[in-house]
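One chain follows as structure tokens, the form predicted on its own.
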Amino acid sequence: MDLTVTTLIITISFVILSFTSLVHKKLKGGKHPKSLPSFPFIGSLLSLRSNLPVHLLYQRFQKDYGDLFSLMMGPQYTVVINHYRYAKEVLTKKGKFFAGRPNMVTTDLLSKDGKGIAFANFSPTWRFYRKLVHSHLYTVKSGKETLEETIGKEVASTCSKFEQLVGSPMDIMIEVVWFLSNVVGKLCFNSAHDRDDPEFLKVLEYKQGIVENVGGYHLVDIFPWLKYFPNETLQVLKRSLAIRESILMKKFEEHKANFKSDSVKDLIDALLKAQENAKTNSLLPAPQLTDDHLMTTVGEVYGAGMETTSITFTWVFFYLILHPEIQTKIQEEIDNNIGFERTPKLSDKKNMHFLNATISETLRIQPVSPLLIPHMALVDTSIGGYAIPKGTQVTINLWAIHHDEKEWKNPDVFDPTRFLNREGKYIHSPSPSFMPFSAGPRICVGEVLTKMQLFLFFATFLQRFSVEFPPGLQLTDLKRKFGIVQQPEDFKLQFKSRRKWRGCTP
């Protein structure tokens, strides 16, 4: 073996063992969560050997180790939460204590070493970007359009495209990504793609590489030194990020060349204006409003609004196909409350109880991120009376929380009626364990946008179409692809035009 490589391995081993020793020293004294077996260097990894996805494995450990347990993820001390009481303590009651993010190789690559919002540590800079993004998404008009109008136009355009695809088997994920990329593209870049636009095809190319290779308990995130060796996960991720970077850089440079501070049309303009203001305002830390910070922030908003939200849309389609009686109930609700003389609006939401319940049940039974993005303790603190040292990684198993038999009757059964009261009215949260967008300081900034898109899209879609498996095809075994998000394996579906709609003018 090469002497340099040998020296590197010895050095890395010494650092890991020293860090592990330091963690164990911190854990002496006090009451600590019950722990999985742990060994030097590898920690508790032997206990994680399983064909099960990690969130299901953690749910299984709950029976022997309780609602709150710990393990060593290699050298990293980690606490896993499987119950909403502990989750609410971490996310809301002590939200600022646990608002940190651990460093992982794949997320550091995606976020350019913790810039942006999703993977950045809690700080004044993080709060600034989050506030600016939230303000732009929900209080600033895109051009002269409201957010509802922007979404409505893209829904109408997508449904017009669907008219041409009636009766043809298709992969719905591509069509949904096209719709969502145009909505969030208008918000971020003030632009949209045609269905066959080469740039959109590049978006499809890089999207899957990011979704499948960021997070997801890759060994390189557990042992960061592995990044110095050949690694297929990193190769795929780097290629995907290079494609994304080229698209973002082009848009960013175009915006910088045409920027006018008195004409903010999209998120990039809003970020550039903040950067310009920082040059004359000593209260804003100009070094942290770099181009990398700005590009990472807009890239995350575009990515989350398109990549992860598309998975929720696909799950809704999946359950509509599996349960045609649910389609029928929603369509009856649409017929009775909206009709066919106009397209659905957000003001109709208060009357669309079964559609709202169906969307919520999808978010419950198939949380897009079964293990929320890990949190990190910023101070020495506690959870449920258990001592939690500073630097502890905290993983919240949203899957276990959303499938808790004590909170949800038959939790593995898709049943929208659990979100309805006796009068058939929609209940936003029948259990305190329902938290599909997380909670507290790090609650998903796109929650409202996602809910608006889901409602307007499926109200309009089911007004015009029904969806089913193509003849001769059926789904007999539900399989999932798991990374930082959980998605169904590819499946085909097809549309049927509703007779009632075909004779009407939208």
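Please read these numbers as outputs of a predicted model, since none were measured by experiment. One-based numbering along the sequence shown.
From this point on, the text means the form predicted in complex with ligand STR, which you will not see here.
With the partner omitted here, the residue from D221, E89, D266, E307 that has a non-hydrogen atom within 4.5 angstroms of ligand STR in the model of the complex is E307. Distance criterion of 4.5 Å from any heavy atom to ligand STR in the model of the complex singles out K207 from the list K207, H402, R418, H293. Proximity of V211 to ligand STR in the model of the complex: non-hydrogen atoms within 4.5 Å are present. Under a 4.5 angstroms non-hydrogen atom cutoff, ligand STR in the model of the complex has E300 among its neighbouring residues.
A residue is said to contact a partner when one of its heavy atoms sits within 4.5 Å of a partner heavy atom; H255 fails this definition for ligand STR in the model of the complex, lying far away.
In the model of the complex, no heavy atom of L234 sits within 4.5 Å of ligand STR. Contact annotation: ligand STR lies within 4.5 Å of heavy atoms from the stretch 199-207 in the model of the complex, the single such stretch among 383-391, 199-207, 176-184, 422-430. Residues V368, S369, I373 are the members of 355-376 with a non-hydrogen atom no more than 4.5 angstroms from ligand STR in the model of the complex.
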